[in-house]
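Next comes just one chain, in structure tokens: the form predicted on its own.
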Amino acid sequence: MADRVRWGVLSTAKIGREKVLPAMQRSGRCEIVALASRDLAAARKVAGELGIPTAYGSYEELLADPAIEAAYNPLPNHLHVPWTIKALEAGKHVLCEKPIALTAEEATQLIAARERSGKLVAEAFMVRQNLQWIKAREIVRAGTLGEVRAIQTLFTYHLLDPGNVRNQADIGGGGLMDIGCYAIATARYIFGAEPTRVAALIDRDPTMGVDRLTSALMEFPGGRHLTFTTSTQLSPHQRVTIVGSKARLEILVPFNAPNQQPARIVLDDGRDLFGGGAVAEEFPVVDQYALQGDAFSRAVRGEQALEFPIEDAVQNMRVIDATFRAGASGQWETP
């Protein structure tokens, strides 16, 4: 295990303990050696359940541990930048959950912190490590779809618990921050460009204040469009459709891709409206969180560069900021 990167985890967040950490433990390049919580009993409980050898009762203690090379930060959104900066200043590389910050202005602090520390920092968009998205981008770039002009994304779930961090507006909750960020990041990934203007409709929960239904239209250079809808109060569903002049590509489970069965995409040449020209492609079973951890670990070891450095995360936040502005102004806004 000498070539594995030794990781410490900031908090017992659900996404970490249920998805990310078990995946990283099964990966080839990650070793989770410590976990911290502000409640030592909670840290010991989760560390014990996951077989993590060391538990700390504060984040500061974990960051002071010289054995830890990299930190994973799945804290609530308003704590992403402050604790990522503290981790960098403590000499740790950092993989931080999305969205990277509350605003693009806040996110830019991470560029300066990276330069001061000389450590790596990246946003945890695991989907870009998944084979189905890599293949989708290859298909687009190969011209198989013809001229790709439109992407449509739908991502919804149903969550009414006011105690959940996703329903707390003052700490960065709401659908746009939680899942709209995926729609934006993946469109930028497929188009290989940045949107030039944004229009949006935002409906907020009257009690919790978070955006519960957000729809946006984004124009990319060359007259290309992204349209997406995200909601935290609709029945669960997700789908991405990439449409070109010759064919369309559907990513059936684009974001929460299964880790126990093959992911599937469907290429349809549109010869009829009933799937007569549809061909499905399946991919080997993978865990995209494990792929993400391994990719970051290889970058830590200097074996490859980060494909998506922190500047990419700042740019994604600029688009999120513009979407919020467009929803408030009722006008086109520029990222």
Ligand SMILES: NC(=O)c1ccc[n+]([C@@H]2O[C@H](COP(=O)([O-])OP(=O)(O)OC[C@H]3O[C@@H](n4cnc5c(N)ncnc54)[C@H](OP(=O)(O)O)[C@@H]3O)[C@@H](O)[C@H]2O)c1
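Each residue number is its position in the shown sequence, starting from 1. Since the structure is predicted, the reported quantities are computational estimates derived from the model, not experimental observations.
Form predicted in complex with the named molecule: not shown, discussed below.
(request) Determine whether any heavy atom of residue 38 comes within 4.5 Å of a heavy atom of the named molecule in the predicted complex, and answer yes or no. (result) So residue 38 counts as contacting the named molecule.
(request) Find out whether any non-hydrogen atom of residue 208 is located within 4.5 angstroms of the named molecule in the predicted complex, and reply yes or no. (result) Residue-level check for residue 208: no, no contact with the named molecule.
(message) Can you tell me if residue 14 lies within 4.5 angstroms of the named molecule in the predicted complex, counting non-hydrogen atoms only?
(response) Because a heavy atom of residue 14 falls inside 4.5 Å of the named molecule in the predicted complex, the answer is yes.
(message) in the predicted complex, is there a heavy atom of the named molecule that lies within 4.5 Å of any heavy atom of residue 197, even though the partner is absent here?
(response) No, residue 197 stays farther than 4.5 Å from the named molecule in the predicted complex.
(request) Could you tell me which of 161-169, 239-247, 208-216, 137-145 sits within 4.5 Å of the named molecule in the predicted complex, going by non-hydrogen atoms? (result) Among the listed stretches, the partner-contacting one is 161-169.
(request) Using heavy atoms only and a 4.5 Å cut-off, determine which of 117, 227, 132, 77 is in contact with the named molecule in the predicted complex. (result) Only one option qualifies, and that one is 77.
(request) Could you tell me which one of 126, 176, 251, 185 places a heavy atom within 4.5 Å of the named molecule in the predicted complex? (result) Residue within 4.5 Å of the partner: 126.
(request) Determine the residues of 279-309 with a heavy atom within 4.5 Å of the named molecule in the predicted complex and present them in sequence order; the list may be empty. (result) Going through 279-309 in order - heavy atoms within 4.5 Å of the named molecule in the predicted complex - there is one hit, 289.
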